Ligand SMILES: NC(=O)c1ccc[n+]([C@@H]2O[C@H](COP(=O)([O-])OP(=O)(O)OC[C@H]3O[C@@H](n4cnc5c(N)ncnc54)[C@H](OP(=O)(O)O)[C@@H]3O)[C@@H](O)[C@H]2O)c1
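The chain below stands alone, shown as structure tokens; this is the form predicted alone.
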């Protein structure tokens, strides 16, 4: 129960890696604030965590809207662990990405975590011993057809991770990122044909399960990772190593 008495905020917590992370943090004693757009799914996960003896509540928010980001920061209150897991991606050639789709990538994947950190990190610095974990992607590290806008937005998050580690590290706030490879999530199901192609280049030769990513995120939140700051941990079966 390394995270007892800690309060965590997880964005994108209604499915996939986000929901697995919320469960994992709660299982280790954290009080978890879950956020997403789907209230029924969020409340269902809260009930599941509570049945398991954990503490959680749900705050509905659309992170494409800056006013919702600001409201979320206020509603969350005291936060010791911030996990920026919410994400948006559209798989298409660059020539087929319109302005609205491009803007949505950066609104959700970059602007929302930027302003959440801006609102919460000073409070976290005042408390000390806090952690921010950003979820990126393996395609922020290499070119992948059809993933230009998504990869670019997550590459920006990895740079922000380094900048925030330098900015807030001296105050006792660690900032790191996790870059998953293809993972079994509801959002990934329509893309399994592409995943089959990606798997051919992955040394472990398979898609990850959500807990294999959320366990790494949770590790970074615990004191066991106390000297890790400004790093991006690749949870991609070795894809970025080859």
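Computed from a prediction, not measured in an experiment: that's the story for all the values here. Positions refer to the first chain, counted from 1.
Another form, the form predicted together with this ligand, is not on view; read the next lines as being about it.
Heavy atoms within 4.5 Å of this ligand in the predicted bound form: does residue 14 have any?
-> Answer yes; at least one heavy atom of residue 14 falls within 4.5 Å of this ligand in the predicted bound form.
Is there any non-hydrogen atom of residue 87 lying within 4.5 Å of this ligand in the predicted bound form?
-> Residue 87 belongs to the contact set for this ligand.
Partner proximity in the predicted bound form: residue 186 to this ligand, non-hydrogen atom cutoff 4.5 Å | Within the cut-off, so yes.
Residue 49: heavy atom within 4.5 Å of this ligand in the predicted bound form?
-> Looking in the predicted bound form, residue contacts with this ligand do not include residue 49, since no heavy atom lies within 4.5 Å.
With the partner removed from view, which of 74-82, 162-170, 129-137, 92-100 is the stretch that lies within 4.5 Å of this ligand in the predicted bound form, judged by heavy atom distances?
-> Stretch with heavy atoms near the partner: 129-137.
Go through 22-39 residue by residue and record those having a heavy atom within 4.5 Å of this ligand in the predicted bound form; state none if no residue qualifies.
-> Stretch hits, in order: 36, 37, 38.
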